[in-house]
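Just one chain is shown here, as structure tokens, and it is the form predicted on its own.
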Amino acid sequence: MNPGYMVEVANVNKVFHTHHFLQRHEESGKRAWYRKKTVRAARNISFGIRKGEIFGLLGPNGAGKTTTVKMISGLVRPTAGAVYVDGMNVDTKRLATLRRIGVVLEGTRTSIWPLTPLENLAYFGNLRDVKGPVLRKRGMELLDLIGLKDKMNVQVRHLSRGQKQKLAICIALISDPPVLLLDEPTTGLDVQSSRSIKDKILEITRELGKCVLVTTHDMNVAQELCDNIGIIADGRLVACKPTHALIDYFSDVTCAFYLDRAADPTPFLGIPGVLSAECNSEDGEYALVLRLIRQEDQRSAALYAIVELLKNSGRLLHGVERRKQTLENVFIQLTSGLPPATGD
């Protein structure tokens, strides 16, 4: 157990044994169970989240990220390994750890729609043993922080989807837990609402010092929000690095040379430092896309040679663009069977 982590998942495995219930046998009248299959939802997963940090857990459908979140929140017990929240084992001290966790599930039914936001916070606050003046003060502070103070007496049924999602975050924070688990916090929201939710998550994490875990399918959300990224595929953690380091690890130096007409990419492959070459048509222009070696001196020499070859071919060079790697491209590479990039 690492004392620097507010949440630590240590060598966790989870195996589900699924069974299928047969219909009654026509002759004997008996019913029977049989084992259908064994599913390994988590395989030796390990990562940690510190106070004031946002950790993004990404993965395709069925990869095991929801199971991992459920093990952190105490809803599912690991088959092997351990999960710690604030230094306590979730399995052996479940009630104590639950008091330190706030959860926002995907969708907008976290709140009770006939009630107002203020009434929802009063109801859920009482369930979490937050009462009296402390409850009202904290509820008003959260509604003000999240931007719902002017809607505090409006029934939830009349709020927009984005406002309901904001209220769900308030409900998760009403007991002031140090850990916040957010499952797809921006799914189905318009651009403005999504931006607002992202800003509030950042504000809550940085100003209130929360430890936040976010699961999302939106790579832009993960890239903007998360300090560290864990990517799960087939129950395995295939990458766990700071977001910028993960992107840099897979970043090739790719340059696009925009030309007046198509160019045969074959001669460019003969230039030392050019790893691949292709020519595409993009918006009426021709783009010669070259992937270059990382070493700066060799790359510099290759760039001069490329420009010289283009000049000698008589083509007009309209512009040059260095293309940046994105988290989405990294995600696709990692979940498509490329070698893992695990690390600290």
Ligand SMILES: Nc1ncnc2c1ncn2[C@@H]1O[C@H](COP(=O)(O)OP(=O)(O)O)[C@@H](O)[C@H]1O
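The first residue of the shown sequence is 1; numbering continues from there. The shown structure was predicted, so the numbers you read here are calculated from the model rather than taken from an experiment.
The discussion below concerns the form predicted together with the ligand, not included here.
Peer 1: Heavy atoms within 4.5 Å of the ligand in the predicted bound form: which stretch in 66-74, 272-280, 48-56, 303-311 meets that?
Peer 2: This holds for exactly one stretch, 66-74.
Peer 1: Would you kindly say which of 293, 289, 39, 317 lies with a heavy atom within 4.5 Å of the ligand in the predicted bound form?
Peer 2: Spelling it out, the residue with a heavy atom inside the cut-off is 39.
Peer 1: Does residue 61 reach the ligand in the predicted bound form, with heavy atoms at most 4.5 Å apart?
Peer 2: Although the ligand is absent here, residue 61 would touch it in the predicted bound form, with heavy atoms inside 4.5 Å.
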